[in-house]
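One chain follows as structure tokens, the form predicted alone.
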Amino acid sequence: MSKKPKGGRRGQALTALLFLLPLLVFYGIYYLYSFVFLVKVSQQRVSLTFINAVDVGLENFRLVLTDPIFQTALLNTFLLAGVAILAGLSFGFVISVMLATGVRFRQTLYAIFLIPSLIPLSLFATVFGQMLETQDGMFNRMLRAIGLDALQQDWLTGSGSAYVAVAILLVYLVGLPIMYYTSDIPAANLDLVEAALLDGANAWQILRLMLFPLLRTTHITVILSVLLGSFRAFDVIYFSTGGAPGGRTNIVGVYIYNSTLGNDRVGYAAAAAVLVLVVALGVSAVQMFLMRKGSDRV
């Protein structure tokens, strides 16, 4: 086969760049302006009207960093992300392998686990919250119907049960990891798996010792994508627990939203948003580094 000349490739790249240039300029200006505006507001004491602003320097950042509620919200973000990551690497991976092997009712199972990740999370979280409502929630009514009244709880307002409820909600949202795995499993080197089968390896050994290591790059994608997604999980918490009890299940998105509700608090909320953005950009940088390193090893 004859190789395409380098000039042809360069011309194709230039043509693609020209088509993308208007979009790149638009997004560049939009994001640059938004970031500059956010940083400017974060150094002010100002209301939503953005008038009569008072410069306070780095005071807003100091207040945010020393606020125990912000620290709890940031910790919750990573803790809940850890739950979602663990669910993706375990349940998501196993379910994806089952779907890839042609299990019966494959399409039905795929829809069951994928649909919750495709519908608006605010709707899903609202329905979930109503199911766990103390008086008329379906779960407590079911317990009363079977005579287990003693097991009824304030699922969304108890300190421990609220964490469990959110964790269950996040575990059920494994559709995104399943999509990653089901798209990458066919591209893996399955010759090694076939050789292991011929050597007498059982299903658990193949799953743990063969398939899981083969999808190393996919694991990195799942981990960092879910971690970044946890910073955007405002609707999951806000429409289920609302941060109850007493803000203990807050994540950074809910914290920032609540911070804008007081007088002259927009600058404070902007400072919190800048700090969260810096953390998210750090996670994104790690993702790009690990993805490039993983692709070099393949």
Partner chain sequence: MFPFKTRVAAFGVAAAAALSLAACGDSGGVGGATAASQSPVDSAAPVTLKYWTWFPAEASLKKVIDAYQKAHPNVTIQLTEHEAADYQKQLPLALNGGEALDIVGVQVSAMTNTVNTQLRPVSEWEQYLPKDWRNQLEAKPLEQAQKISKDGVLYDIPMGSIGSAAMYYNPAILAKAGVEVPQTVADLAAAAKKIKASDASIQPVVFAGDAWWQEEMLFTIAGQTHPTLSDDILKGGGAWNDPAMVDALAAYKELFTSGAVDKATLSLMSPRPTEVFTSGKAAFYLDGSWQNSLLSKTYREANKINLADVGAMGLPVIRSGGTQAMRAFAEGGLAIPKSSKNVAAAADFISYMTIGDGVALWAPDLVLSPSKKGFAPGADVLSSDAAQKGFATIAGLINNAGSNRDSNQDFLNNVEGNAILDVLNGKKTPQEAADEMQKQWTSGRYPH
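Since the model is a prediction, treat every value here as computed from it, not as a measurement. Residue numbers count along the first chain shown, from 1. We call the rigid core whatever largest set of C-alpha positions still superposes within 1.5 Å between the two forms.
One more form of this protein exists, namely the form predicted together with the partner chain; it is left out here, but the text below deals with it.
Colleague: Exactly one residue in Met210, Leu89, Leu156, Leu224 has a non-hydrogen atom within 4.5 Å of the partner chain in the predicted bound form; which is it?
Modeller: The option sitting close enough to the partner is Leu156.
Colleague: Does the partner chain come within 4.5 Å of any heavy atom of Gly28 in the predicted bound form?
Modeller: No.
Colleague: Report whether the minimum heavy atom distance between Leu290 and the partner chain in the predicted bound form is within 4.5 Å.
Modeller: Leu290 lies outside the contact set for the partner chain.
Colleague: Should Asp67 be counted as a contact of the partner chain in the predicted bound form, where contact means heavy atoms within 4.5 Å?
Modeller: Yes, contact at 4.5 Å.
Colleague: Give a yes or no for Leu38: in the predicted bound form, does one of its heavy atoms lie within 4.5 Å of a heavy atom belonging to the partner chain?
Modeller: Leu38: contacts the partner chain in the predicted bound form.
Colleague: Taking only heavy atoms into account, state which residues of 250-265 are within 4.5 Å of the partner chain in the predicted bound form, ordered by sequence.
Modeller: Stretch hits, in order: Gly253, Tyr255, Ile256, Tyr257, Asn258, Ser259, Thr260, Leu261, Gly262, Asn263, Asp264, Arg265.
Colleague: After core superposition, I'd like to know whether Ser90 moves between the shown form and the other one (criterion: C-alpha shift of 2 angstroms or more).
Modeller: Comparing the forms between the shown form and the other one, which are aligned on their rigid core, Ser90 does not shift its C-alpha by 2 Å or more.
Colleague: Core superposed first: is there a CA shift of 2 Å or greater at Gln152 between the shown form and the other one?
Modeller: Gln152: C-alpha displaced by 2 Å or more between the shown form and the other one.
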